[in-house]
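Coming up is one lone chain in structure tokens, specifically the form predicted alone.
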């Protein structure tokens, strides 16, 4: 790993240069909330430790995307695929969301690979940034994620006083830094140590300590436990938790047709929605809300681990912060660990 320095006053000029060559996607503020959006001016970028409402996975896996257009005019069938991606820089990604990309990769990059997701991944350079504070709902440390960790980024920035420590982590990152080398300086003594000190400070800011060791095995014996029905009495089935989750990856596919022309697109779906498992016959194997809520937690805390050897949760806390009835996955984990003891 190569390390460089970037003075704070050079960050926006660097991003402005990147914007001339790449589509720059960065955190912006809309109605006091953060979203990752393509920006036309670096003045739009909101720097800081805040967590976006919708995770940056939306760049690789859009909430709705066209797959192809088709025409049946004249009795034939003509397909026009809409597979395309613009070279982009995804800036300001925090460690929990960096880990989420690995979770999504395990799903979309396995054979047969998802070409739409893959192309965006290949065309995008990721610039991560360390957290400067820990949100009350965060519990990323439960999954071994540090608030200053850059794993998953091509280049990672950590604020240290008046500079950013720049970690160059991949060949993509090395190429980017070399291309814009006039913005960077060689690392000086003490910066790495200052980053480690920040790590220790942030580690003490987590308000809830969560233990996930052995959780997949424990859940295996609790599938029929009455706890899930009890918990579901609070749930609205609204799906907010899935829509703000950085690792949820379920989607539906729909055709929209008018006359002889139409298009096929996919959009995010949620396992909490009743129609998610509804069969054409009318049978629904998860007809009750408690079954769908149970599936969500089993997916996050067991199934993803069993299937892909990576946890399905990254501890970002979005679902905790935004659930309208205060269902807290941290409390669910603690309760599950105590059941049957």
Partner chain sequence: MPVKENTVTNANAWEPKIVAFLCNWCSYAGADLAGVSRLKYPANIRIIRVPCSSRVNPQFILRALQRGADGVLVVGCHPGDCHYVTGNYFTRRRLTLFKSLLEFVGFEPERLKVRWVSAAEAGRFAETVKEMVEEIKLLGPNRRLQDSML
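Numbering follows the first chain given and starts at 1. Just so we're clear, the structure is a prediction, and the values are computed from it rather than from any experiment.
What comes next is about the form predicted together with the partner chain, which is not displayed.
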**OP:** Let me know the one among 178, 256, 197, 109 whose heavy atoms come within 4.5 Å of the partner chain in the model of the complex, would you?
**Re:** 256
Original post:
Of the options 81, 182, 261, 193, which one has a non-hydrogen atom that comes within 4.5 Å of the partner chain in the model of the complex?
Top reply: 261
**OP:** Flag residue 69 as yes or no: does it have a non-hydrogen atom within 4.5 angstroms of any non-hydrogen atom of the partner chain in the model of the complex?
**Re:** yes
**OP:** Spell out, yes or no, whether the shortest heavy atom distance between residue 265 and the partner chain in the model of the complex is within 4.5 Å.
**Re:** yes
Original post:
Would residue 73 count as a contact of the partner chain in the model of the complex, using a 4.5 angstroms cut-off between non-hydrogen atoms?
Top reply: yes
